[in-house]
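Only one chain is included here, represented as structure tokens and corresponding to the form predicted alone.
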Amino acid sequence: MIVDGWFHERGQLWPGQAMSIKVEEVLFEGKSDFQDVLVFRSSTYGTVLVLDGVIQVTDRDEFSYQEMMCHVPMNLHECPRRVLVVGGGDGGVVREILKHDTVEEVVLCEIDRMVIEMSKTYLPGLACGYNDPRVSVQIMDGAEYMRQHMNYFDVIITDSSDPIGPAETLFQQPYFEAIASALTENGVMCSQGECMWLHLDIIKPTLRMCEKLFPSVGYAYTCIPTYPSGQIGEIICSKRQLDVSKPLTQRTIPDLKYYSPEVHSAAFVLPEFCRRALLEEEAPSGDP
């Protein structure tokens, strides 16, 4: 992965392309019970966390992903008090959730303890919420935890890696069924939704599956330089009928760098190739 001082990301889900970042210093390299873990200090993106060879987060651009994954679903609920994050061991989504003054309880359910520990050590700007008394951590399978907490959470956010390895089950129907059961009557969910330039063949069936479980479903996207093709999507679902592209609330949220009510709405306006592909009866190929 590191050759001549450069880290090269070559993922199974984006063949024929690579992302390269110059490495200044390797801070940690090891293997957890689930995946390879690499942390390094880069020349231009600050500290970088890599799992199984795939970039998960960097100091420079993490805010665009964390803010949109959090504030889009949180602002579609009038009073989110109990929030569950599945995955997201770096702590960034938890950090953003805690900016909402309605929040009373946040549970982070992460299967890999090493991701949390490495983030606390090397990414303290993301992992700063772990000491908040409203936050608890469960090291276990997210779907199993949700089955133990039916009709409990107002918002559930799945901050997952790509659907290979330990995150594969987070893109399958039983997992989304568990989310629907664990949400309260007006609950909202957000799930990492892959890249429209590469993964329409994953995005479309996932949306169709969610439409069977939730009355309101939408796909939004975020710009982020270090994710494949510079874009990542999010699947937004609500257990009540509403327009997910329009925030229900205008809560004052401090220290935002990316999210705004206007960006919230604009994120659901898809380029024509993507909009048409998601409306087709047959699942499209991964190419636009």
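Only a predicted model underlies this, so the values are computations on that prediction, with no experimental measurement involved. The first residue of the sequence shown is number 1, and the count goes up from there.
As for the form predicted in complex with a further copy of the same chain, it is not shown, yet the points below apply to it.
Mapping the unseen interface onto this chain, Q250 falls outside it, with no heavy atom inside 4.5 Å of a further copy of the same chain in the model of the complex.
Heavy atoms of Y219 never reach within 4.5 Å of a further copy of the same chain in the model of the complex, leaving it off the interface. In the model of the complex, a further copy of the same chain lies within 4.5 Å of some heavy atom of K257. In the model of the complex, E234 stays away from a further copy of the same chain, with no heavy atom inside 4.5 Å.
Between 90-98, 197-205, 150-158, 122-130, the stretch whose residues reach within 4.5 angstroms of a further copy of the same chain in the model of the complex through a non-hydrogen atom is 197-205. Shown here without a further copy of the same chain, the chain has L256, K257, Y258, Y259, S260, E262, V263, A266, V269, L270, P271, E272, F273, R276 in 255-278 lying with a heavy atom within 4.5 Å of that partner in the model of the complex.
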